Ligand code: BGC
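The chain below stands alone and is given in structure tokens; this is the form predicted alone.
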């Protein structure tokens, strides 16, 4: 009896961890589904006889779906609930995995790829939102960071899966069949995700919003104990009373500056080229002289570096600060991209090129990848944070779509090849790294160790705007 009372008073860290891990599987599927194209794109191009524009569309169509998904994620989560929205994303992942493996027509493949993209867009909002709303403030940062860790883990897992599937036959088999198994493999983690979601509760915040305070209190008591549940319930009720109701309010005079800076940061995270390496890495390695299987193996190394340095970022961002990490990482990305561009332009094929690519991935994973999300979650005033993050995420996915669609068009453009060989895209992304360094240095505050209220005061928002 005493242990039961103690558990009711203190809550259960194990319960929080299990619920977080299950919700973060949405992030794992996010990484898995977006990166599966890396191993399949070359075989798809041969199977469907795709030109550079259609090759880009094969990769970017899912990202257009992401834009659609993130546009409606807020509506779904508000009307259906956070948990039901996660179930919806899992179903979309499952349907997409099966659907992309079967078609003999490219248009049908694209349709199912876009459905998966919608699932990714929904999960990219719903998973971290759910975790943030159920985790206590003291561990919220670490719990939400689990989602970012899950994303890069999903990317690494599918790189391994792609590699081992490619070993199942020769080039002709992979062009005819191998790529189908790569996409179909996503049905396994999708099914596991859907089954495990049965065991997680609805978000307490959503339950309070819908008037189910008793249910919300029971869940909060499991999380942090009875006293915590009562306090958090009052906090949620006060927060809901202050919430912004329309997107138009986000661009009021006082909030306009921070809104546009958040959008700029989201776009710059993508136009520095990271997802070119996530989605086209094997093709890049092939152009640098690697065979198909070797290119997929080298892509696994990319995934390992991405995962490893993401862990380093999570452990150091609160100690070293946001701005130093962002500026040093962006500068490192610039140097790496210039080196890659020169190597491609002058056809320098060596281990040095692989090291430059890995250095770029390490710099991104250490800084721009995870830290961008930390900054975006901190810079917005409390009243607009949820909707502002939705807007920033919309522009992030839109930029991702543009980069993924245009890379093959730049990389395989005859005029650009004649002048730069395959180096031109890397120079473009390097230029945006310079823009990113200058933007962070000039316009963003250091948020390390500051309360959200202190950060809000930095923007000097008129009281009439901050209060609505």
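It should be emphasised that the depicted structure is a prediction, and the values quoted were computed from it without experimental measurement. Positions refer to the first chain, counted from 1.
Note that the form predicted together with the named molecule isn't included here; everything after this is about it.
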property	result
Among 83-91, 100-108, 148-156, 340-348, the region lying within 4.5 Å of the named molecule in the predicted bound form by heavy atom distance	148-156
4.5 Å heavy atom contact, residue 404 and the named molecule in the predicted bound form	no
Exercise: residue 193 in contact with the named molecule in the predicted bound form, heavy atom 4.5 Å	no
Close approach of residue 273 to the named molecule in the predicted bound form, 4.5 Å, heavy atom	no
The named molecule contact in the predicted bound form: residue 396, any heavy atom under 4.5 Å	yes
Listed residue (179, 364, 380, 280) with a non-hydrogen atom within 4.5 angstroms of the named molecule in the predicted bound form	364
Heavy atom within 4.5 Å of the named molecule in the predicted bound form - the one residue of 206, 285, 112, 373 that qualifies	373
Contact at 269, 369 and 400 by the named molecule in the predicted bound form, all three, heavy atom at most 4.5 Å	yes
Residues in 295-322 close to the named molecule in the predicted bound form, defined by a heavy atom within 4.5 Å, in order	306
